[in-house]
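The chain that follows stands alone, in the form predicted on its own, written as C-alpha cells.
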Amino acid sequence: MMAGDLAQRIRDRQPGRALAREFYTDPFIFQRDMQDMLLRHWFCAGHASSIPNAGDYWLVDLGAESVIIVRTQSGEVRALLNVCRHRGSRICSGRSGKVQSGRLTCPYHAWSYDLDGRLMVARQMPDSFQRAEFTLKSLPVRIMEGLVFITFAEEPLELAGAADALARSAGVHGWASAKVAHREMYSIKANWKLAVENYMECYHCTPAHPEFAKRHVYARPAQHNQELELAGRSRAAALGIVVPDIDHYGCAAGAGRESVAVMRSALHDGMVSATDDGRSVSRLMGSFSASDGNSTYFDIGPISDFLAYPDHGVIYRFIPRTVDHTEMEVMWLVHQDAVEGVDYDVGRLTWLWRTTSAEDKKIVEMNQAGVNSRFYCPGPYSLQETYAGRFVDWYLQELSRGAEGRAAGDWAS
C-alpha cells in the first residue's frame, strides 16, 4: 500500500464502524502506526519500584526498539537506547537485572558506558576519537505516582494534564508507595489495535469474562447501573475518597497534550476487591481506611492502561511488535510494605486478571483470524463500545496528521 492509498482508506472509513481489514493486516500501515502515533506518544514502561538501587535495570520494547530503564548512581531513572554506539549491538539482553561494576558493557566489542550513558571505555581507537561524541542515546523520562513514562518523540507531548489526573487517581490509591508483586507477559497473535479496542469496551465482558462480570458493575450496560454506581459514590464519599471522572481521551494530542481519562465504577454488592471470594487480598493502599467497593480505571496515551482497587492495582502495557504480533504485559501492584505470604498471596492477588487476560488473548486472536478473511466487513459499534469507537477516531486523526506533517516536510517517510 502507498501513502495515497492509505489517505483514501482513511477517507472511506464509515463513521461509527470498525476499521477496514487493511488497518489490521497491512505492514505498511503498521509502520505508519509506529511513526504517526506510537512513537509520538508517552507510554508506561513500568513502575519505579522495580529498580530500587543504582545499577538496577529492566528492558522495555516497542516495535523493533529496545530501551534500558536504569537507576543511576545519583538515584535518577534514565531511559537509554539499547544500541551500542560502536556498531549497533544490543548491550543488554536479559529482561531485567543489575549492571555489574556500575558499567553497561557491550558484549560484542566491550565498549563500556556509565549508568548515565557516557562512554567510558573504547579499546584501540585512533587518537582523533572523541569519547564524548558517543554517549548512548536517551529518551525523555517522567515519573508520575511511581509510574515510569517514556517517549520517542523529539518534542514530547505536554503531560501536565496527565500528571494532574494521575495525582487525583493513582495518587489517591497510593501508587507512588507501591511495588510490583507479580508480572506476566502474554503474546497475542493479533494487531495491536484489536488488543487496545478490546480493552476499551465492555460489550464483550458478559459473554467473554464471566468472572469479571460477576464482580464489576461496568460489565453491564450503563443505563442499568445508575443506582449501583450512585451507591458506590456514596460509599466513597463516606470514607472521604474523591476520585473525579476525567475525560480527555483521544482529544488532546492535536493541541500538543497527552491523552488522559479517569473513570470510577462500582463493584457488585458484597465485593470489596476483585478476588475469588470478593474479600481484600492485601493491605489497603493510599487514602483508603476501608474498602469503598469501587474500582478506578485510568488511561494515559494509546497503549498504557491502569486499574486500581483499594488494596491492589493492575498495570496493562500493550506492546506492538509487528503487524500481527502484540505483547501484553500485566503487572500487579501492592503496598510497598506488604509481605508476600503474610499480607498477600500471589495466587489470590493475580487470579482474576490472569483469568481475564487469558480470555482476552483468546478472543483477540479469534478477532484477528476473522478480520484476516477477505469476507470481513466492518460492523457498527454498539452503545457499550463508545471508547473503542473513540480510540479508532483518534487513531485515524493521528494517521492523517502524520501524513500532513510528512507532506509539509516535518516527518520522515
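Residues carry their position along the shown sequence, with the first being 1. Here the structure is a predicted model, which means the values were calculated and not measured.
Separately, the form predicted in complex with a further copy of the same chain exists; it is not shown, and the next lines address it.
- Only one segment in the set 130 to 138, 227 to 235, 333 to 341, 292 to 300 has any non-hydrogen atom within 4.5 angstroms of a further copy of the same chain in the model of the complex, and it is 130 to 138.
- Using a 4.5 angstroms limit between non-hydrogen atoms, Met34 touches a further copy of the same chain in the model of the complex.
- Within 4.5 Å of some heavy atom of a further copy of the same chain in the model of the complex lies at least one heavy atom of Glu65.
- At the 4.5 Å threshold, heavy atoms of Ser373 reach a further copy of the same chain in the model of the complex.
- When contacts are judged by a 4.5 Å heavy atom cut-off, Thr356 does not count as touching a further copy of the same chain in the model of the complex.
- Each of Arg9, Arg90 and Cys377 places at least one heavy atom within 4.5 Å of a further copy of the same chain in the model of the complex.
- Ala122 is the sole member of Ala213, Leu157, Ala122, Leu239 with a non-hydrogen atom lying within 4.5 angstroms of a further copy of the same chain in the model of the complex.
- Taking a 4.5 Å heavy atom cutoff to a further copy of the same chain in the model of the complex, the contact residue among Trp175, Tyr113, Phe152, Tyr316 is Phe152.
- Along 95 to 118, these residues reach a heavy atom to within 4.5 Å of a further copy of the same chain in the model of the complex: Pro107, Tyr108, His109, Ala110, Trp111.
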